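Below you'll find only one chain, the form predicted on its own, shown as structure tokens.
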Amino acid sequence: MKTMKVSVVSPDGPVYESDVEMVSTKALTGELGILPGHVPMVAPLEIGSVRLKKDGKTEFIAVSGGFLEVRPEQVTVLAQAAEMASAIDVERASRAKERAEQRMKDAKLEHIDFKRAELALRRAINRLTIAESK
């Protein structure tokens, strides 16, 4: 089967680089499935997963927004933050989820940025969901 080169990069450095058969992810405009030879495009990403199909297996990477650049033989993900499913610290993600939920409850009583707490909660839930898929 044909493959394409995929690179996932965050401000902390490279997270993933390999040849894969298919990339699936969620952009702001909806779900994307990318195969080798896909038309060139750039799309902003949602908080979610990048699913990479390789040798009949699927690998998962948690991303917290960013951009996807597609060229016929290469896909580059420039993520604000990215973690392989196997590298996610589930205990730390659970604590982050609890903190975000508490901030959202307290937002009504204090001067807490509700939107910021909501994004933190979405990132924590995303990390926990991806960690379970490994």
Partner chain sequence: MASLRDIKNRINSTKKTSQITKAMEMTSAAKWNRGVLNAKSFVPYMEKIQEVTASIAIGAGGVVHPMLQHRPVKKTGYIVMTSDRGLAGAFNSNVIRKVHQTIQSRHKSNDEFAIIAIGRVARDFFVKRGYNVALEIVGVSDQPSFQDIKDLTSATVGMFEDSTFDELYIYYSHYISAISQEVTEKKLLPLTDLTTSHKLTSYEFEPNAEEILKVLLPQYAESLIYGALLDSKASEHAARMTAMRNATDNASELIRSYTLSYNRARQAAITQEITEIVGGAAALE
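Everything numeric here is computed off the predicted structure, so don't read it as measured data. Positions refer to the first chain, counted from 1.
Missing here is the form predicted in complex with the partner chain; even so, the following discussion is about that form.
*Asks:* Considering non-hydrogen atoms and a 4.5 Å limit, does the partner chain approach F60 in the model of the complex?
*Replies:* No, F60 sits far enough from the partner chain in the model of the complex that none of its heavy atoms falls within 4.5 Å.
*Asks:* Give a yes/no on whether L78 approaches the partner chain to within 4.5 Å in the model of the complex, heavy atoms considered.
*Replies:* Yes - in the model of the complex, heavy atoms of L78 and the partner chain come within 4.5 Å of each other.
*Asks:* Does K105 make contact with the partner chain in the model of the complex, using a 4.5 Å heavy atom cut-off?
*Replies:* Because no heavy atom of K105 falls inside 4.5 Å of the partner chain in the model of the complex, the answer is no.
*Asks:* So, E69 and the partner chain: in the model of the complex, are they within 4.5 Å at any heavy atom pair?
*Replies:* Yes, E69 lies within 4.5 Å of the partner chain in the model of the complex.
*Asks:* What residues in 1-21 sit within 4.5 Å of the partner chain in the model of the complex, counting heavy atoms only?
*Replies:* Read in sequence order, the residues that approach the partner chain (within 4.5 Å, in the model of the complex) are V9, S10, P11, D12, G13, P14.
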